[in-house]
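First comes one chain, alone, set out as structure tokens in the form predicted on its own.
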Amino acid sequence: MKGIRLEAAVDLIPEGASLMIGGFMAVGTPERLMDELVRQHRGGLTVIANDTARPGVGIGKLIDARLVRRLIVSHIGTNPETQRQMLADELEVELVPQGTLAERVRAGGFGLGGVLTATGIGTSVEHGKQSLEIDGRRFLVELPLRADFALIRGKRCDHKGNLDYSLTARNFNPLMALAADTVIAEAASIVPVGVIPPDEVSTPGVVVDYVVQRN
């Protein structure tokens, strides 16, 4: 794990990169990294996340700045700007049931070839996907998701990169930290090693590449 300045962290992210971004309606989303992506106008992004929050908040900032080319999310119902861009064919959106999305990310992080789910059988979700029959039931084969970068936010981070999370801010963050080539973490506070009890560490420092320094 290496401490890094905010500007330098976003410098690592090229145009057109794929990003997993933690958060649920921006709870658990690294807001400083969102702001710096907008400031540096890093565009053409593929974003994998639960949602796009709302205008001016969390991932919604990237949508407002028109930096996102493709989305893989569970819903966009709380962000009218995301909906507008999708309907205008300015933004490609893949909607994935929330549980399936989490499992696809988990599969990417754990090195699995995919997951089986009955969700979507008999609907448009099934189109173009492989299915298997097991014990008389049919399941869709959902492929794993990985990204170039995971941008995550913890409550506390120690000097070895170990992270804990506050309540529901945990959401997608620990899964995404396992499913990206490079993990950049932002935390509300950076503390000495030992302050976070071992059984409260949700993301071990061994998978964190960079921690954004406090200003």
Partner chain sequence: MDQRILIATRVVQELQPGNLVNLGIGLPTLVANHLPPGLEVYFQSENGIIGMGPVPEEGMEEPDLTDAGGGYVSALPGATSIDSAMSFGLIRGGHLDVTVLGGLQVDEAGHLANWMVPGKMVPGMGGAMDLVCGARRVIVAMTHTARGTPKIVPECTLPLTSVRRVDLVVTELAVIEPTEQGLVLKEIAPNVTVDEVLANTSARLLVPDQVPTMQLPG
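Positions refer to the first chain, counted from 1. Because the structure is a prediction, the values reported are computed rather than measured.
Beyond what is shown, the protein has a form predicted together with its partner chain; the following relates to that form.
J.: Is Ala17 a contact residue for its partner chain in the predicted complex, using a 4.5 Å heavy atom cut-off?
T.: Residue-level check for Ala17: no, no contact with its partner chain.
J.: In the predicted complex, is there a heavy atom of its partner chain that lies within 4.5 Å of any heavy atom of Phe149, even though the partner is absent here?
T.: Answer no; every heavy atom of Phe149 is more than 4.5 Å from its partner chain in the predicted complex.
J.: Is there a heavy atom of Asn171 lying 4.5 Å or less from a heavy atom of its partner chain in the predicted complex?
T.: Judged by the heavy-atom cut-off of 4.5 Å, Asn171 is in contact with its partner chain in the predicted complex.
J.: Should Gly122 be classed as touching its partner chain in the predicted complex when contacts are defined as heavy atoms within 4.5 Å?
T.: Yes - in the predicted complex, heavy atoms of Gly122 and its partner chain come within 4.5 Å of each other.
J.: Going through 96-130 from first to last, which residues have a non-hydrogen atom within 4.5 Å of its partner chain in the predicted complex?
T.: Result: Val96, Pro97, Gln98, Gly99, Thr100, Ala102, Glu103, Arg106, Gly109, Phe110, Gly111, Leu112, Thr117, Ala118, Thr119, Gly120, Ile121, Gly122, Thr123, Ser124, Val125.
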